[in-house]
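Take a look at this single chain in structure tokens; it is the form predicted alone.
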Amino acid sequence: MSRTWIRAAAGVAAASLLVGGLAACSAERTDEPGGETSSSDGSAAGSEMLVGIAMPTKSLERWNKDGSHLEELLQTAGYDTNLQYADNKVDQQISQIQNMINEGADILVIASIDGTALAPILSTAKEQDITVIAYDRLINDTPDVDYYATFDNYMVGQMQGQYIEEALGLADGAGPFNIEPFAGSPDDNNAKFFFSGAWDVLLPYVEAGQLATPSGKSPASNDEWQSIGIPGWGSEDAQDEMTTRLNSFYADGTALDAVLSPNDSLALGIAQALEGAGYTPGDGYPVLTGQDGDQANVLNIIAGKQSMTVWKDTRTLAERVATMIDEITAGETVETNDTETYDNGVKVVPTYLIPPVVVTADNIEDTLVASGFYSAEDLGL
């Protein structure tokens, strides 16, 4: 049995435990000026415990949902919370974490902007006996991160690669096809897992001549993923890069058959570049992958402008982290299901992995709508 399947099975089994994961009293939510910091009335079991929540940015839909849902869960359970968004600025995130430490935070939940920049501030946190949970992005080069909760990011990439493999019939020997691969932000530790998962599926077809990349931007190995990374996961940067490749290598009518996009933010920009170059949904439109299930991208899937997205139900991730916080507060063993994979350069961080889900036009209603992640009205269904 493969390690990936074992991880998925463990994640699915554990996910069933989350349905009633946080039984708690209600607490009145108080929003302070600016909407950045809020706290409960301290009436429930978690009172006197302050949890600092550091999120990267409000500019991406998924981080807004992550932050607000985790905050709501914790406040309902009676914890005081300090939720901050850092506008994708590393110095700003470090300053926010310092403020949380100064306020007396007991636990920090951090979705890092730069996974290598937080060692000094986390050393300060450790001096105050603060427990640190890395949220969705591994924090590297420090011994002072206690736990990590994320989706199986290698599996995310595998799903994207396997979708392209199946859509093009590569396993049956079809080809050659032209593919343009993209990778995520070079400072995001998760980006290497996304790319590695996909490239482990697709690189053998590149080497066999079934896939070609006219732009030449086809990494020879997983280790070279940063060479095609898009800083900050920027949609506009992805659009500019795709436009450059289309104008330089496809203007003569060369067919583009697939684009490996590691997430929905990049896929939005890529789809806009395709539209600008005259591509229209239907025959001849490239396979385009994504990740996160952002609403704009789901609408693009419905419209035929994107082929799939890998959905990570961020509600489940927030629920898992809230459960971890309950376990820490109660002095219990914190449940993890991977103690081997996530080496941050100093230590292997105990991790809880949650399996992702492939969403296509054929199963949007059975996944995103049936789960309540979106309503049918949200998606015009």
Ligand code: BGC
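In case it trips you up, residue 1 is the first one in the sequence shown, and so on. It should be emphasised that the depicted structure is a prediction, and the values quoted were computed from it without experimental measurement.
Just so you know, the form predicted together with this ligand exists too; it's not on screen, but the next bit is about it.
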Just one of 190, 96, 297, 81 has a heavy atom within 4.5 Å of this ligand in the predicted bound form. Which one?
190
Only one of 233, 147, 182, 85 has a non-hydrogen atom within 4.5 angstroms of this ligand in the predicted bound form; which is it?
233
Using 4.5 Å between non-hydrogen atoms, is residue 63 touching this ligand in the predicted bound form?
yes
Counting only non-hydrogen atoms and a 4.5 angstroms cut-off, does residue 289 reach this ligand in the predicted bound form?
no
Verify the contact flag for residue 320: yes if a non-hydrogen atom of it lies within 4.5 Å of a non-hydrogen atom of this ligand in the predicted bound form, no if not.
no
Contact with this ligand in the predicted bound form for residue 137, defined as at least one heavy atom pair within 4.5 Å: yes or no?
yes
Among 196-204, 129-137, 221-229, 280-288, which stretch sits within 4.5 Å of this ligand in the predicted bound form, heavy atoms only?
129-137
Looking in the predicted bound form, the residues of 249-266 with a heavy atom no more than 4.5 Å from this ligand, listed in order, are 263
